[in-house]
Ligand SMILES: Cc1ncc(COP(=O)(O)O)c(C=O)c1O
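There is one chain below, alone, in structure tokens, taken in the form predicted on its own.
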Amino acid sequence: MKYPLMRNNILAEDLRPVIDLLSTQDPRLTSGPKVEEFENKWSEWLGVKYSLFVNSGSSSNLLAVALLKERFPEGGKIIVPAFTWSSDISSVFWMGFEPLFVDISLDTLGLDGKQVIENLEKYNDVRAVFLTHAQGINGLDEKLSRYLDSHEIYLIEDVCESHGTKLKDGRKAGSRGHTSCFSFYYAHHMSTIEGGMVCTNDLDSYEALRMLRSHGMSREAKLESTKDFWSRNYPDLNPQFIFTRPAFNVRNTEIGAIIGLQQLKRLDSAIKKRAFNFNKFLDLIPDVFFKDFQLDGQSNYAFNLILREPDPELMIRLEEGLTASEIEYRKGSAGGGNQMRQPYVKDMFSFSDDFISRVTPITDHIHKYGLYIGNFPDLKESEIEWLSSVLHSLI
């Protein structure tokens, strides 16, 4: 493509320390001291106490919901946006919970707080709110935040494509929830090739997450008191092989951690550049596109193009024109649009098209009349101007 979704996200300077490691005698490549260093520096950057490096953002979703399952083994409902990534919803399914779909607000691309509160007051078996900060915009409004606090409602934050987004109180997205999830996929704000992070401020949750990450083994716990507890209660077992719960193997490697440490050094500057790019892009594009996003504290992931009004013919013209201009794009924006229309959800619940449109009209509008194109730190202003000129010509 002449204009891809992402470029130059892993630089030569990121790979040199990897080459140095591989050049040593008998290098340790599996999870080790560099993983721990990366976790500690990420926690410091984010403003949380504990972080756990895993092999993908999807794995961080899975661990976050698996942790909730230990708290609510009987299951229940989890409020989720229809506008999110599939692994958020899949993790809810796999852990035996029921997703309760709620629409979003167009200006934040995040859960409609009023609808969330209505559902929390309607159902007595809602165990958590699984909120997505989509496309680098803060998806947690103040009224909802206060409600969750006052009612002690469990919050999981998906920040996989919104690294560095600021909440209204100045904290970073991902530091507010009981757990939060990040992705370091190649196209995201920073990359470890594949990778993710699950974060928390709760020590007990951190201990459980460490074990959930690696087969459920007690030896993976951080505290000696945790290891001693399992050894005392199961004296007939080898302390190195006590499997405390059904779990997974979603560890990452020293190579991923080294790349992450390098990328973290320039993350803040990349976030500023992405935000600058998006502001300029919005200033230049035609007014047929929605522009009234809440941009305070944003760390844009991709350039959103959402038609203000339904226009099937214009949408076709846009898709054909972008393809002809070799501009890579994703129709439906984040996650391919409305997750309620995806087979893994729609077929399971037998949702009708009319029901989906009625329950999630804003997400459905983006599904049909929205797309995004790439934004990246080395983007030149002249390229943004060129993108705008292409869009004007298509309108």
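All figures in this text were calculated on a predicted structure; none of them were measured in a lab. Start at 1 and count along the sequence shown; that's the residue number.
Keep in mind that the form predicted in complex with the ligand is not shown, yet the notes after this line are about it.
Should residue 363 be counted as a contact of the ligand in the predicted complex, where contact means heavy atoms within 4.5 Å? Flag for residue 363 set to no.
Evaluate residue 188 for contact with the ligand in the predicted complex, applying a 4.5 angstroms cut-off between non-hydrogen atoms, and reply yes or no. Contact with the ligand, yes.
Evaluate residue 43 for contact with the ligand in the predicted complex, applying a 4.5 angstroms cut-off between non-hydrogen atoms, and reply yes or no. Close contact is absent here: in the predicted complex, residue 43 is far from the ligand, nothing within 4.5 Å, heavy atoms only.
Answer with yes or no whether residue 195 is in contact with the ligand in the predicted complex, where contact means some heavy atom within 4.5 Å. Heavy-atom contact with the ligand at 4.5 Å: present for residue 195.
Can you check 254-262, 237-245, 154-162, 137-145 and let me know which stretch has heavy atoms within 4.5 Å of the ligand in the predicted complex? The contacting stretch is 154-162.
Go through 298, 87, 180, 218 and name the one with a heavy atom inside 4.5 Å of the ligand in the predicted complex. Checked against the cut-off, the match is 87.
What residues of 355-373, in sequence order, lie within 4.5 Å of the ligand in the predicted complex by heavy atom? Sequence-ordered list is empty.
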